[in-house]
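Given next, in structure tokens, is a single chain: the form predicted on its own.
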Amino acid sequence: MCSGRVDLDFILRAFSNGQDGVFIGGCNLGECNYVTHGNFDALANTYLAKKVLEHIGLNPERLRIQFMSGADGNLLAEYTDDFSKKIKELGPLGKSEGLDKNQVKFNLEAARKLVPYMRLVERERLRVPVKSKQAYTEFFESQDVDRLFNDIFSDKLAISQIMMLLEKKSLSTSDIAEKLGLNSSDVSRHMINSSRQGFVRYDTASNCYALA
């Protein structure tokens, strides 16, 4: 299978299902067997997934991508052995990050709900015009892209998390803020915007928000 078929959702779903690390192997960059150069798509998805992991409190080193040819069996063994060693050092998912399993899964599921949105963002604002490893590295590791990603992702993640909480029961602004570690003013802003869009409604009797 072409590494370009490894969707962002595949990566996040693997972690959500409890995998402690994810390793992606692809053909050498510039040596794609297809005209699509899907290995560059895999590289872009890996960079995006790493940013998502870091944003939700998980070590991005739990995800790794390596490129090699079909004849590089020795390299594959070397890469996977080294990665396995690193994951053993990090321990179970969330442990070295100070997060319990429920919090890890909650954060990952909230992030997964944003994958369709992130695909659009990647296509429109995070597309690298030159297909070279150096160009992708310089682009995705730049401070400008870090700021752009944080601006794009932070509010969307918070809203996704809020919606997941409201799926279980109605909550007040202060309840949501406490559960998610957010400022009450930020939660109020998200709720007002979501209410205008018809996603939530405010129950005056209980002073709580619920899904519309």
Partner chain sequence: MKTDIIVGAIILSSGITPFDPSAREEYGYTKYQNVVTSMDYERLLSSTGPYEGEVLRISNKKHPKKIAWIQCVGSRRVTEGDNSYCSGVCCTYTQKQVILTKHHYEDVECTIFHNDIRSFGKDFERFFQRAEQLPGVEFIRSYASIEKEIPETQNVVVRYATADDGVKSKEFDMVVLSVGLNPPKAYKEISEKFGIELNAHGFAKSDSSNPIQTSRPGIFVSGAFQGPTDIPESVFTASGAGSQIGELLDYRRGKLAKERIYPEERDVSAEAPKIGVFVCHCGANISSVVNVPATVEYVSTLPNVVYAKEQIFSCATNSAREITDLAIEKGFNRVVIAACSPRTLEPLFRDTLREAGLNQYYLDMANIREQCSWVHAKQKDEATQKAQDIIRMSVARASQLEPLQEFDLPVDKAALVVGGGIGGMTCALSIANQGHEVYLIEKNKDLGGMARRLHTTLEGLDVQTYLDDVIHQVYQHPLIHVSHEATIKKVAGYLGNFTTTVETEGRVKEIKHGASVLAIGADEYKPTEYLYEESDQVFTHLELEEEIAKGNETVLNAESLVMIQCVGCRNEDRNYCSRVCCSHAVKNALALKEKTPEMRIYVLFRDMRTYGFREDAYREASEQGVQFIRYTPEDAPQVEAVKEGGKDVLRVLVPDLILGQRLELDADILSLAAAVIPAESTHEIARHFKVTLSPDEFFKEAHVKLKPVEFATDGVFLCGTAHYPKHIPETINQAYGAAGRVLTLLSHDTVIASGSVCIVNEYDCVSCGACITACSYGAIEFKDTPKGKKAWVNPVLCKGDGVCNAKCPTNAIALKHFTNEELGSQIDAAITHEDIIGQMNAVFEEA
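What you see is a predicted model, and the numbers here were worked out from it, not measured in a lab. Positions refer to the first chain, counted from 1.
The form predicted together with the partner chain is left out here; the points below concern that form.
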item: Contact residue in the predicted complex, from 185, 36, 154, 174 (heavy atom within 4.5 Å of the partner chain); value: 36
item: 4.5 Å heavy atom contact, residue 198 to the partner chain in the predicted complex; value: no
item: The partner chain contact at residue 210 in the predicted complex, heavy atom, 4.5 Å; value: no
item: Partner contact for residue 105 in the predicted complex: the partner chain, 4.5 angstroms, heavy atom; value: yes
item: The partner chain contact at residue 17 in the predicted complex, heavy atom, 4.5 Å; value: yes
item: Per-stretch contact check against the partner chain in the predicted complex, the hit in 26-34, 143-151, 156-164, 49-57 (non-hydrogen atom, 4.5 angstroms); value: 26-34
item: Stretch 113-131 - residues with a heavy atom within 4.5 Å of the partner chain in the predicted complex; value: 116, 119, 120, 122, 123, 127
